[in-house]
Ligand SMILES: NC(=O)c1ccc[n+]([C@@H]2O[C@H](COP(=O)([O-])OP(=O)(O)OC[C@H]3O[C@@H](n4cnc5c(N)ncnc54)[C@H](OP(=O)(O)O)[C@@H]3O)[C@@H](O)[C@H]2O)c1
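Presented as structure tokens, the chain that follows is alone, the form predicted alone.
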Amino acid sequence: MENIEGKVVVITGASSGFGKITAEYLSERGASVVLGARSTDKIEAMAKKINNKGGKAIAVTTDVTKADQVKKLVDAAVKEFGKIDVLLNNAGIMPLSPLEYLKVEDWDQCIDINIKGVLYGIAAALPHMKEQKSGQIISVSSVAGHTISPGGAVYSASKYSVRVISEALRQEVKPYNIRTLVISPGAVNTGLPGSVTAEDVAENIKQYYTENAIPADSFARAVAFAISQPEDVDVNEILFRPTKQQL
């Protein structure tokens, strides 16, 4: 886990799940973390806890569906710590349901958070990283971004989009020494199933996660692996699942 100490890492969706565990994991290894989420109380409490343990953290209330708020988050990192080394586009929801349920509001939220949120993160971080001639942009896809099953049309579409965006970004930022990663987890124990609003689907997903999900620190370790690589190594994609997950 070399090359983590001293890095400035901005994390969206930092109040719970992947974001929270990754912030804590990287902070323990010497990174300065900038926590963005809508839950002000949660991220402020996290930042306080990290700082009290000798780490470095700030919290910035952030709704990733608002481009100006994501810019404010990244700008706060640069103002506080002088740079941004890593952006973790982590905020996301998983509103699974068959298309015939016509969950149009869920569809809109999924697109706004899972796709636009990633684009807004890139828009906020890229100017700083171009100027620095360094940086790493990590975006979270899913196993559902590699496959599709009934009820997952919109969610899978959003996660396929993350992969497409990340690959295009990878090709575009070569002149600036910027690295990119798209990470695709399978069933990992987070609050993500709680974003399923269709009751029958939610019950099935909850049962599936109870039987299959692995701890969230599996995600944090994967992120840390990519961050820890020397600058001439660009890890572009990580896909992982619980060993017993078939999908």
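Computed from a prediction, not measured in an experiment: that's the story for all the values here. From 1 onward, residues are counted along the sequence shown.
There is also a form predicted together with this ligand; it is not shown, and the following applies to it.
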Is Y120 close to this ligand in the model of the complex, meaning a heavy atom pair under 4.5 Å apart or at it? no
Please check if V188 has a heavy atom lying within 4.5 Å of any heavy atom of this ligand in the model of the complex. yes
Evaluate A14 for contact with this ligand in the model of the complex, applying a 4.5 angstroms cut-off between non-hydrogen atoms, and reply yes or no. yes
Is Q207 near this ligand? Define near as a heavy atom within 4.5 Å, in the model of the complex. no
Candidate stretches 38-46, 196-204, 23-31, 174-182, one within 4.5 Å of this ligand in the model of the complex by heavy atom: 38-46
Contact residue in the model of the complex, from V154, V78, L169, I113 (heavy atom within 4.5 Å of this ligand): I113
Could you tell me which one of V74, M129, V86, A91 places a heavy atom within 4.5 Å of this ligand in the model of the complex? A91
Is any part of 140-158 within 4.5 angstroms of this ligand in the model of the complex by a non-hydrogen atom, and which residues would that be? V140, S141, S142, Y155
